[in-house]
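Below you'll find only one chain, the form predicted on its own, shown as structure tokens.
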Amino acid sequence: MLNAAQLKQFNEQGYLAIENVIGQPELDAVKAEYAQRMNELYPQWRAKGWVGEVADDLPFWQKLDHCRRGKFDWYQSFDISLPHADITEETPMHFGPAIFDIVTNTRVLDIVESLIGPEITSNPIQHVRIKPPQREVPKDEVRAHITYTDWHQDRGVGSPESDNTDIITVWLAVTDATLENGCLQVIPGPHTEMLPHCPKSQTAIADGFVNPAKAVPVPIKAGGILLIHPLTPHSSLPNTTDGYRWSFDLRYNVTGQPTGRSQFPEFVARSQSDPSSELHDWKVWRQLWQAARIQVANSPHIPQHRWTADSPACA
């Protein structure tokens, strides 16, 4: 649980960094799960001629280097959500027990409970972010999960029906997030209104509504989290190092309130009033997403972002 000083900072500043939330064994399990996923995918990509032949025991990051140089979409196979468009029944995604254990981690849920209460739903607006050195990112790659992230508010990436939802972003560092490799930066609050966003290369706050000179960078060590209020403007710095920066965006909202992306599955992560409603089986979580993928692939497209280029703020 958060103490009084932490709650005060979050309420006044709109963000709070907490180190040592996820232990090394849990981080190692995530890394092992992703290494296994890579070992399953790499031979398939090799058979298609997208990557070269490498030793089976080549480490995850070195295999990822080969994938990145292959100039194909390696990212989506590692994400824990579906993309914003062009979803088919075969669109890849990844759900495994190590990720589920992070999403339902007791300490994470204790912290979230301090902010939104004991009826907690895992929100489906979630992603893994695996960011290569910025100089290696193709110029046409605009996804914030790979390149730097532009200024935005998390409230702005959900549908309008969730504008009054009590929601919290838990940004988890899997590797150290530093000034050099592209940690997040925030505009301290409090913030009480949604700023206009525009469909730039990413959905981003309209020009002139954020003063970058007020930005505060928030480096975090692996296993630490950054709590972000849904109206707090934030972005990421570019990765200027030779390595990768790895993190997860996890979100939680009060159960029963709109998630902001109703076409994707939610689940009850904690419930004081009805513990039997909690989900404890990662395979069921995966099945929920697999079912949603089929449904969305065979339904009219649902835009994930509300903002349009003809808005006066975007002119």
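Start at 1 and count along the sequence shown; that's the residue number. Here the structure is a predicted model, which is why all the values come from computation and not from measurement.
Unshown form predicted in complex with a small molecule; subsequent notes refer to it.
Although the partner is absent here, His94 is not a contact residue: none of its heavy atoms lies within 4.5 angstroms of the small molecule in the predicted complex.
Taking non-hydrogen atoms only, Asp249 approaches the small molecule to within 4.5 angstroms in the predicted complex. Proximity of Thr169 to the small molecule in the predicted complex falls within the 4.5 Å heavy atom cutoff. With a 4.5 Å cutoff on heavy atoms, Leu184 counts as touching the small molecule in the predicted complex. Only one of the listed residues (Leu227, Ala144, Ala215, Leu82) places a non-hydrogen atom within 4.5 angstroms of the small molecule in the predicted complex, and that residue is Ala144. Contact with the small molecule in the predicted complex, defined as a heavy atom within 4.5 Å, holds for exactly one of Thr203, Thr149, Thr175, Thr178, namely Thr149. Residues with any non-hydrogen atom within 4.5 angstroms of the small molecule in the predicted complex fall in just one of 203-211, 110-118, 126-134, 187-195: 126-134.
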